[in-house]
Structures are given as C-alpha cells and as structure tokens.
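Given as structure tokens, the chain that follows is alone and in the form predicted alone.
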Amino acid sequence: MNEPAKLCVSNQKGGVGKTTVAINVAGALNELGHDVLFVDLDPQGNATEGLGLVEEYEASPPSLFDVLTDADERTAISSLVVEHAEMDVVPSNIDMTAVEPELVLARRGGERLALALEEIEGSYDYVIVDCPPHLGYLADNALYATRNVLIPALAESTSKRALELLFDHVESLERDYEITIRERGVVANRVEETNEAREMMGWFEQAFPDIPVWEIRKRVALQRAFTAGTSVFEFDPDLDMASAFLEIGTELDEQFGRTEVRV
C-alpha cells in the first residue's frame, strides 16, 4: 500500500468551525471509499466529542499526551485507535492540556507526531489531523507530520489577519525544518448572504488564485450532525452541504492522486 496522504486542518483563529470542517472532510473521504485515520490534536477535544467519543477524553494513560512526550510510549499509539462508523480515531485527552511545555523541552519536540504516526499510518489512505486553534508546538507537530494544510476561514474581514499569521508561521517552520508545506485549499465556512461575505469570497479568490476556495453555507444540520457524533454523510447524506464536502474530498483525491484507490 502507498504511503497515506496526510493533511492537517488549521487556522490559528478560534471559532471558525475548524473541527466541523475536519470531521466532514474526513467523512467525505470515507464516502469516497477511503480508509481514514482522524487524529484529534486539539487539547480541548472538540473532535473527540464531535465523533461521539467523549469517554475517551478522560481515559486513563497512556494517552496521546504520553505518546507525544515519552519516546518509550510512542508505540502505544496503536492502542489508542478507536473505531468509528466512518473512520478510525486517535482521540484527544484531558492530559493534552499540559502537553505544550513538555514539547518545548523535548528533543525533536516538533517531530513527535510524525514519529508516532509511523507506527500506524500504513493501514490508511488518508490521515487527517485536527489542529488546536492557536499556533504552537502542537500545530508545528501537525504541520511537520503532514506537510499539507487545509485552511478553514470565516467570510469576514478578521480572517485576513489570521491567515497572514498562519502563513508567516508556516514559512518560519519551513525554514527551521527545511521542509515544504503545501496549502491544499481554503474552506470558507458558515457563509451567509451578507455584503461582507460576498466581498470576502471575492477576496479569497483573488488572494488564493492557485488553490481551491470552497464555500460551506451556514447550516444548523452541521451542528446537529456534530451533536450526533458523525459527519453529515452518516447523519443525513441528502443535506446540501454533503455535496459541498464531497466536492472537497474529490478535489483532494485529484491533488493527492488518490482516485485509483476508491472502492
């Protein structure tokens, strides 16, 4: 089997619906016939909750915290994988709230996730990593491990500064580690019929001429699916936003050359 395509979902601005985008993109890839591993790297555990795995967030060690901070526990990541109807999940854990200082002090602190994923990634077509809503060592781990980023953003003017900060951070990481990180697309999320939203959609298209810009309309059903612990594809595949996320998954397949592994 080929090495999986790896992608992190990141925006340092909170409240953009990052986790909802991550879950539904993973659901779309599953819908297209791929085996998906979802890694919740956010200490808040929102994706863990949104996939119906709340009990895993308070599970006893070893947890993802131990895998990332103790080299001797790295292989324990295989025991953390939880089955979900649509994907396998490495859940977050309450102990992750204390992980950043440990990574700062750790040798190769920005590479820990990449080393851990080597233990399990061979069984999957895609690895999707949900980042925390801020830039730090956890985000560095996600960006270093995946080398690809999908960027959710709101169609409002505050997104401009947030995206500038993200791109500055990515460029710094590329220099420090001598790697290349590719932007795979921007997901304009929770878009409403307002003048500001229309102006921002135009700005996204101008600012990112070389990558796709997808539009996800604001829908209560997306939150209902989250509450039910699934993506929209498991909750109600006839929802209009299901086709929008399927478009994202199809384009990612094209970018990563994954169309041949669909079933």
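For every residue, the number given is its place in the sequence shown, counted from 1. From a predicted model like this one, the values you see are computed outputs, not experimental measurements.
Omitted from view is the form predicted in complex with a small molecule, to which the following refers.
Scanning R74, R147, R190, H169 against the small molecule in the model of the complex with a 4.5 Å heavy atom cut-off leaves one residue, R190.
At least one heavy atom of V16 is located within 4.5 Å of the small molecule in the model of the complex. The small molecule in the model of the complex is approached by P133, whose closest heavy atom lies within 4.5 angstroms of it.
With a 4.5 Å cutoff on heavy atoms, Q44 counts as touching the small molecule in the model of the complex. Residue contact with the small molecule in the model of the complex: Q206 places no heavy atom within 4.5 Å of it. Listed stretches are 198 to 206, 55 to 63, 222 to 230, 25 to 33; the contact stretch with the small molecule in the model of the complex is 222 to 230, by a heavy atom cutoff of 4.5 Å.
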